[in-house]
Structures are given as C-alpha cells and as structure tokens.
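Only one chain comes next, encoded as structure tokens, the form predicted alone.
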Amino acid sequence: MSDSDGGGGQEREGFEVVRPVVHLTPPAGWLNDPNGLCRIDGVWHAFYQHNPAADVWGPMHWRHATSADLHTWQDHGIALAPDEHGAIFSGSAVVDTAGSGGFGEGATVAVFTHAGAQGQVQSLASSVDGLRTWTKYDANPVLLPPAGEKDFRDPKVFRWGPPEGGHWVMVLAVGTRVDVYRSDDLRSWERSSSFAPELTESGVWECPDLFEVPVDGSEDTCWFLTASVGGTGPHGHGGTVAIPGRFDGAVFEAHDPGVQPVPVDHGPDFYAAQTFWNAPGGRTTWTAWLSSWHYAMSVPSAGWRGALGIPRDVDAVATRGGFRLRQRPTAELPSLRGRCVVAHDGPLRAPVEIRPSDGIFAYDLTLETGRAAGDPGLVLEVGDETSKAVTLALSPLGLSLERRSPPGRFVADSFEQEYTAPLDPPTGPSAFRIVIDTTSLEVFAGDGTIVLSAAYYWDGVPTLRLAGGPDAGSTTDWRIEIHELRPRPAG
C-alpha cells in the first residue's frame, strides 16, 4: 500500500453513501485489490483484499464472492485468513486439472503472498469442494524472496502448453521489476527470466499479469505484461500499465524495448488490474480496484469502503504506434438494463435531466455523433442545481473530467482534480459508452482504446444532467440512449 492524504475509520457524519448496483463491494469493512479471479463450472469467482474488522486497510484476508453475470454478486464470507505466516496479500487461483500439485485432480489452487515475520513469501491453499472451503498447504511457504528483496509479492499463475508436457508459469512483482518463474507441480519454483523496463515515474511494482489476446481484424495475437505502479497514473496516482510483446513460456520480450509502458486508464481509479482465469470462448476479462491510495481511506464510508470496477473484456488493436490494449464493458452488462429513460436522435437543443424515482442511480449510456473535429461536444454532470460532483466534457477529440468533493465533506487535496484523455482525430462517427453507478463513472471512447475511470461521492442520490456544449444545440446531431441498470436477485 501507499501513503494516503488522510486517515479514515468509520466516519459517517450523517453522510448517506448509497451502495453501487453493478459493482462488487464488501458487505462491511474494507476492500482493495482483486484476487484469485476465475470462472469454474459456469460461475465467476472473485476474491479480494479485505479487512473485516474496519473500513480501512488492516490485516489482509481474502473474501469470496460469486456471480452468474459478472455484475450481480453474492457474498460467501472469508476464504483465507491470516495465520502464523502472516497476512494474506494478493494472488491468483487456477484449477489443477491433472493434479500435478498433489492436492487432487481438478483441485482449485490459490497461490498468494504471505506477509509476516519472514517477509513476503509465496504460499498455497487448495479447495476440492467448489471453492467453499480452503486448506492451506502444510509446507508453506513454497517460494522465498531472493536475498535483499523486500517487495516480493502478488503471484499470477497460469498454465503454459498442453496438459501433458506443459508447465505452470508465475509472474511476480519484485521491487521495480517482474520476475517469471516456472514449475511442474505448483510447489517447486525456478526463476526463468526478469523484465524491468525504464519508467519515468516508478514506485514499487504490484499485481502483475501476463496474457495473450487476439488482435482485432487479423489472425495475429499479442501478449501483454501489465502491472500496477505508483506514480504512473494522472497527477501522481498509481496506475496500471501495459507492455505489448511476445512470450515463449519462459521469457517475455517487449515489441519495442525503448517505449514507455502505456497506462491502460486515464483516470485515477483503476489499480491492481487482474484477468479471470478460464474465461469462456477464448475471451480475456479483467477488473481492478476502483480507487487510489491517495484518498482510499478518506472517502465517505457507510461501514464499508471500496469497490471493484466493472469487469471489462480485453483484446488488442494495431495502431501506427504498435499494438494497443482495448477494453469494453462485457456483453453481460446490457442484460441488467431496465427501462430506457432517454432515446434521442438529433440536435440536443435543451438539457436532459434524470432524477431517479426509486433511489437507484445506475445508468448505461451510449452516445454517438457523426460530427468530426471541431464538434463542441456534450457535457454530462452529476450533482444538483447548486453543486456538481462530476463534470464530464465529451468531444470527438477527447475527454475531460473534473471531480469535486461532495458539499460539506472534504475528501483529500488529491481528489479534486481534472483528468483528460485525447482521442485520435475521427474518420467517422464518434461513439462513447459511459457506465454510471452511484459512486463511480467509467468512460469508454475510441472503440475502447481510451478509458477513464473515476470514483465520486454524493450525499444521497444525485441528478444526472446532459447538455450540449457551446452552440451545440443547433449544430450537432447526437444519438443518445440511456438505460437504467437494475440488479438481478443474487443467487
């Protein structure tokens, strides 16, 4: 973890924090990094860093939730708790189909960091009952840090090669680099290689991932190494960066070693991104912590703090500057749409205001214009007549989001900032997808190559307002659809 601008604790002060509708949140206590993401027997499983005793970071546990649609989550309580080896830091989970680890054929194995008196070490736990209960390996830890390494954590494990003759791969954050390890049995690990690109702003690397995705419009694929690093996000926030390259089962090589890793999100709140193991149909799906260490323990609380971002499907596109990661809301999200509250096609001559009647403030917006460069754009606001939590300006040339603390409730100096994201000059219609859910706004532009995620807070339920930019009402045609998002009953 990193330093924040403020402390925390169970501070309510009469502030009404409304729980998000389509984001995973803890029932009580604290949430940060996603862990052990996987899909088994048609069920999505998410674990996360959790302090059950308070709404601030503390002794880390893994808490477990499941979903049929990636957006409506059912809580299953604590999965892994601290023990004699220390707290349970981040990690991953895989199904050991052949039983190579000795825990039984088809056992699910969690590989995670223990943080205690021995420092940061890697350990195992297994489940043979559908992830309901876990047994920690009696010979933990299975991997100790190299001499002199303090930061040695967050193992992401996957299978390389065919079931017969393949091996397990682990990518691990080690200081300011990522190490690659291999194993035949999940218990004995040997380092294969290291990767450490130069970063202009770099803190300790955390939560690495390594995955292969198809390149849109071709038969090619591209590997991406991702990691979350302090100082790489806007205004010094931490951020998740991606490096395109190739992987041979032992060594990752960047396509262009001289190019800086690229942030995958232009907002302040997309950290510790991790992919789901075993997503169906060859898809790659991931999520991240929807907050920043700058203020995570200072934001308003209702006895719980923290959320994961909406899961996103990931692939790659080829650009003049090389392969770029593309993220889009999953195909499951529209199944949670309720009634369409706005269906507009033409100039937006008067502002549109939406005041929810049932206390649920969650919307899926699709906005499209045929205008190219020079379009004055649209402005979206969340707040009320006198104050705004978020002002988002959209145009074919870029995004600009200004965020403020809610009236009468200071969050942190680093919260009230403006975040921008340029777009390539359009050659056709410009489209934007925006998911708003009570305390967050996630914007997808450039067909998913530009994303901006930001949390915000409001006392109670705000109003959503959409208006044209200067002179836009009489000059620009916009196609606008806004649907309510409503959760299914969990189960």
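For clarity, every value in this text was computed on a predicted model and none was experimentally measured. Just count from 1 along the sequence shown to find any residue number.
Another form exists, predicted together with ligand FRU; not displayed. Remarks below refer to it.
Contact check for Asp33: a non-hydrogen atom falls within 4.5 Å of ligand FRU in the predicted complex.
Residue contact check for Phe323: none of its heavy atoms lie within 4.5 Å of ligand FRU in the predicted complex. With a 4.5 Å cutoff on heavy atoms, Met60 counts as touching ligand FRU in the predicted complex. Using a 4.5 angstroms threshold between heavy atoms, Asp154 counts as touching ligand FRU in the predicted complex. Contact check for Gln49, Ser90 and Glu206: all three have a heavy atom within 4.5 Å of ligand FRU in the predicted complex. Contact annotation: of the candidates Trp73, Phe247, Trp293, Phe158, the single residue with a non-hydrogen atom within 4.5 angstroms of ligand FRU in the predicted complex is Trp293. Comment: 206-214 is the region of 339-347, 184-192, 413-421, 206-214 lying near ligand FRU in the predicted complex, near meaning a non-hydrogen atom within 4.5 Å.
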